[in-house]
Ligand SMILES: NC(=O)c1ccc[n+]([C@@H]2O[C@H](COP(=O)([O-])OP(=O)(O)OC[C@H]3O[C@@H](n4cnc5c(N)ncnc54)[C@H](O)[C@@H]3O)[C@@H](O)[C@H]2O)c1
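As a starting point, one isolated chain is supplied in structure tokens, in the form predicted on its own.
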Amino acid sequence: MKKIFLTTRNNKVPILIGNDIITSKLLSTHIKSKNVIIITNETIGKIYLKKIKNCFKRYNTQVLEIKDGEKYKNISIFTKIHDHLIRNRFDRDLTIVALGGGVIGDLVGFVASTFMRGVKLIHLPTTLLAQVDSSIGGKTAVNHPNGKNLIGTFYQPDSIIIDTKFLQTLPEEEYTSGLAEVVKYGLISKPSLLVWMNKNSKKILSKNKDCLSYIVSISAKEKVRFVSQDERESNVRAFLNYGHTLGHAIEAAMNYRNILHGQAISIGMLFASMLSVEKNMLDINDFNLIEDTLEKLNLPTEIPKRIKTRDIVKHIKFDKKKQNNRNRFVLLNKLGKCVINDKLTDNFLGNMIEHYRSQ
């Protein structure tokens, strides 16, 4: 088992990484509350809830299951969870366990940060995307019809327990979706990871245990490095949004249906890479490597045809990274080196999206 720490000004969050590591003994070292509620979704509950709940026998434990899907990461479900906690008379002696992927982690983290002005939170991320990205860093949020993650807080969990065994039962599409966030680290900070993923794509897709251990560990370390420098996303942490401006707009334009987060981010990353080439920053050979790697990992690179360009641009206007009503795109000077460009107008982006779609 590997152990790393996310150290910020006010927190030191342990992140444990290993295969089949979740036990009663391990949990007892991280949970000191008498009362525990495990919040998960119906899909995860059917597969893992019985086993996980057995590890919580020493606590007064409840379970709350919600429906599965990005469309349920909204203020209505957030309120329903609060209603449940209040109705069952929970108080500050409570640890909330988020058992699930990015939707559960973001939503439940937001609940934990606001119930009684903040209670203890443990992340048990079950998807690759959550293990390499969303569970680490303290971002919590729900979506708004106009944009993704527009309502939320920064709230660090008490610990993050990453068990790669969860990934063995992860559906193929969910797994490959998570690979997009791993590729991202190769683009923004560790080019050697991108090259390695390109060469080892078949082993990665087969969920080779050594590959899983490597990509989860290296991604977690990279995420920790960015967040420890900039917890509130005032400077370098914004680089972690590479590909997310267009990606989030695609998700919103599709009403968070029929596309997974990582799939949208894959499209967004290639678009941002194209913009980087257009601005004479990124070498065309590096662009080709990025495109080839995404395709080898079965990740999409084309904007869904049914989405209109004007709808994408409309949702980009609500991107939470905007400042002074100016778009802020993360671009690449070269592989491993990012810059934020705030000079891309809506008209320019619309034209570039049309150009991207015609390639």
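Worth saying up front: this structure is predicted, and the values here are computed from it rather than measured. Heads up: residue numbers just count along the shown sequence, starting at 1.
In what follows, reference is made to the form predicted together with the ligand, a form of this protein that is not presented.
Contact with the ligand in the model of the complex, judged as any non-hydrogen atom within 4.5 angstroms, is confined among 63-71, 49-57, 22-30, 292-300 to 63-71.
With the partner removed from view, the residue among G186, G102, G268, G109 that has a non-hydrogen atom within 4.5 Å of the ligand in the model of the complex turns out to be G102. Checked against the ligand in the model of the complex, the candidates E174, D158, D230, D286 yield a single residue with a heavy atom inside 4.5 Å, and that residue is E174.
The ligand in the model of the complex comes within 4.5 Å of no heavy atom belonging to N255. The ligand in the model of the complex comes within 4.5 Å of a heavy atom belonging to F166. Contact annotation for T309: none of its heavy atoms lies within 4.5 Å of the ligand in the model of the complex. For the chain shown alone, A238 is not a contact residue for the ligand in the model of the complex, no non-hydrogen atom being within 4.5 angstroms. Residues T126, T127, L129, A130, D133, S134, K139, K148, N149 are the ones in 122-150 with at least one heavy atom within 4.5 Å of the ligand in the model of the complex, listed in sequence order.
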